Every structure is written in structure tokens, then in C-alpha cells.
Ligand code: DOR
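Only one chain comes next, encoded as C-alpha cells, the form predicted alone.
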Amino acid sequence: MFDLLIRGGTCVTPSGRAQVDVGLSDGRIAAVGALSVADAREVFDASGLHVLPGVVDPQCHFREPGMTHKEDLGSGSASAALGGVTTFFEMPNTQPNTDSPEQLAWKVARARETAWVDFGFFLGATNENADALGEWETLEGCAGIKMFCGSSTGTLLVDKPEHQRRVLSSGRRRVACHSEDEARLKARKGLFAGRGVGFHPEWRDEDCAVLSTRSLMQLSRETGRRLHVLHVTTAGELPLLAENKALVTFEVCPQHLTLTAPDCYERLGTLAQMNPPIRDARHQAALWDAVRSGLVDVLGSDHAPHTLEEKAKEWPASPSGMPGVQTLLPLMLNHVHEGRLTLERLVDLTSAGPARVFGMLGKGRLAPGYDGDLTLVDLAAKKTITHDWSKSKCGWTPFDGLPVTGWPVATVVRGRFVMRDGALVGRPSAQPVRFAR
């Protein structure tokens, strides 16, 4: 007797696609196979659908505490559930920053009360806490350490190599890095005074990213510390990352694979502004080559909402960031439909990849014994992404009006539906992800 039986779908298993059923009990996958004669308390007919291991978004900014007028853990995780995401990792640049055990514990307790899908939180590295991070990184709910090497939203910043070395020397888990060179950012900002947002990728240029990533590679080799470079955007970083795969993994974002400069800035203005920037077609083509070759390890949305009023400020006073957790999967399913990558590669980037990179226990595979996290999608569904569909408090998406083929129709977290047919189901009851120590 299963608690839930998913019957008749095409499952993407570690061995490939298979027309098999999935039985879930006590929050975990109990069986995968021909289960037509099995009994269950609830049966879901997945005929015509593809059943994926639960999608993980390892880079979200849900703005709680301190900026809940534009997002909070409840609304952000609801967006995740509606977009087919079963687990999120949230970033530490809140107000106050998540840079202590007390702030981490507050977030974990708050997420237990309000989050719709499972969660982990990054601890923010600072010059002051660098030597304590090795002790803190194993606390409940900690997804790892996040280090801002260049300034972005908020006040977290570790821009000097001597302090970056201290961070990397304290602890053993992988450190996630925002890789831009702060000295170059400061030196170049005045060059573009009075100009428009189309100059955002000129200010935060390719060299800004390459200089920082080259320095991080050197520090990783010297300390032996594993790194994860977030939201890689440039062709110039890819050879450096390829040379250092023994220690370094990296992420790309759907918006960098979908939008290009200068068109996005002409159409969207500051709504297209994020850090690192959306760049031209040369960089996008290099990112796609890295996705197809297997070089890229994970996809992350970098969901970073701001209100329309905030985004309406003149650049560069306008804040960087855009919502993305709800559109991650529809955008990438559309890329699958258009032949840019296979469904199996997408599953590796959004399920097995995050589990492997961050040492997640019980996540990332559609196999017996793993957590009962499933994302059910209709690869043939034709939909249009709209502002109205977005559950984020900010109320907008840069992809408003974009037609896509492929859509999430149900989200299952630890054996129970949290979304069916575009509607939230039940109530928030998420749990922190468990990690290998």
C-alpha cells in the first residue's frame, strides 16, 4: 500500500526514460516499475506526462528578513512550487545579512512555518566571520558558504585576496562565489555616468569577471578548497573553469541562455539589469556550447525580485536583479523543445547536478530510497508566460508575453502534492535539506 502512486507517465530515471510507475510512501520513493496491480491511498494518472526527479533551484533571493515588500519565504517558495521546483537554496544578502548562526536559525525556523518546498540557506562570508565559517557550515539547513567577491545587492563583500584566502581556509564544504573584480568595478563606474542601462555590460565587462575568476582559481588550487562559481556569463571564464574542474564547479542562468544584449536592454530597460549582466550573442553562444558539452554543472535562476517602482530608477541607481524561480523550468523546457539540449541533460543540470555539487542527501534522482520529490511536466503544452502568472510579490517577469512549449503541471515534495494544474495544494510544510558533512 503506497501513500501515492504516479501511474502511466514517462519517467526520467538514472538509466534513461522509461514507461514505469512510481510508488511513494513515508515521504520517499518506495518503488519504480510496473505497479499496475499495487494499491495506494491516492493515484495520479500521469499518462502523456514526463515525470522528472524534483527540480532544484540552488540560487534564490527571497528577501526575508528586511525586504519583504518585494518577496518573502512564503511567496518565493510558492513561486517555486508553481514553477515545478521542489527545493530552493536562498542567498544571505538580506537585512540583516545571514552571516551568523543566529540569523541562519531564524531563517530555518521561518521557512519551516511558511515555505512550500524544501530549502537550504547559504551563510554569508565576511571579513569578520571568515575564521568561524568552518564550524558554522554544518549547522542545520546550511547549504554552504556564499562569498561576494564583487559588490552587488546588499552589503556582503569579501574583495581582498587575503580575506578570500581566510574564507577558503576555514571549512571543507564547497564555497559559492559571486565572481566579479571589485577594484575594476570601482575604477570603471565613473566612465559611464549619465549613460543608459545598455552600458551595464560595459561597466561590468568581461575582464571584470575573468580577473576575479582567475584569482579564485589560483586560491582554490593553493588552499585545496572546492569552489562553485555562480551565474557565469562570459566566454573568457570558460577555459579557466575547464582547466580547474578537479576543484571548481559552476552555474549558468536561464536568462543568460535566453536573452541577449543589446536587444534586451532596448526592449526591457532596467528590467533586464542584473549582476553579472546579460551579454551579447557571442557570450551566449559560448555558454550554450558549455551546456551541451557537459562543462556546466548546474542551472540556477538567481531569482532576485525588485518592485517596478524600484526598477524604474535611472541606471545605475536602479537595482540589479529579476524574478526567475517560477520561469526556470518553462524556459528550459522550451529550449528542450527547440532542440538546444536534451531532457536528460536538463534533468542533470537541475536535479542530479545540484545534489552532486552541494552534497545533498536523498535528493536529485528518481530512484527507490530517495526523497519523494517529483516534477511532472507536459512537454507538448503550449503556454505563454505572463506577469499575471507570476506568484512573486514583485508582480512582473522579464519574459511576459513569451510563448513556450513545455510546462510544469504538478509538483510533489516528499510524497505530497504542493502544486497541481497551476494551483497550490495543501499548506506549507517544508523541511531543511540534509547535506553530507
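The first residue of the shown sequence is 1; numbering continues from there. Note that the coordinates shown come from a computational prediction; the quantities given were computed from them, not determined experimentally.
One more form of this protein, predicted together with the ligand, exists but is not displayed; see below.
A residue is said to contact a partner when one of its heavy atoms sits within 4.5 Å of a partner heavy atom; residue 362 fails this definition for the ligand in the model of the complex, lying far away. Contact between residue 316 and the ligand in the model of the complex is not found at the 4.5 Å heavy atom cutoff. Taking the partner from elsewhere, residue 302 is found to have a heavy atom lying within 4.5 Å of the ligand in the model of the complex. With a 4.5 Å cutoff on heavy atoms, residue 107 does not count as touching the ligand in the model of the complex; it lies far away.
Checking 223, 126, 320, 260 for any heavy atom within 4.5 Å of the ligand in the model of the complex turns up a single hit: 320. When the ligand is considered in the model of the complex, only one residue from 100, 249, 170, 275 comes within 4.5 Å through any heavy atom, namely 275.
Note that among 81-89, 145-153, 160-168, 117-125, the stretch whose heavy atoms approach the ligand to within 4.5 Å in the model of the complex is 145-153. With contact defined as any non-hydrogen atom lying within 4.5 angstroms of the ligand in the model of the complex, 178 is the only contacting residue in 162-186.
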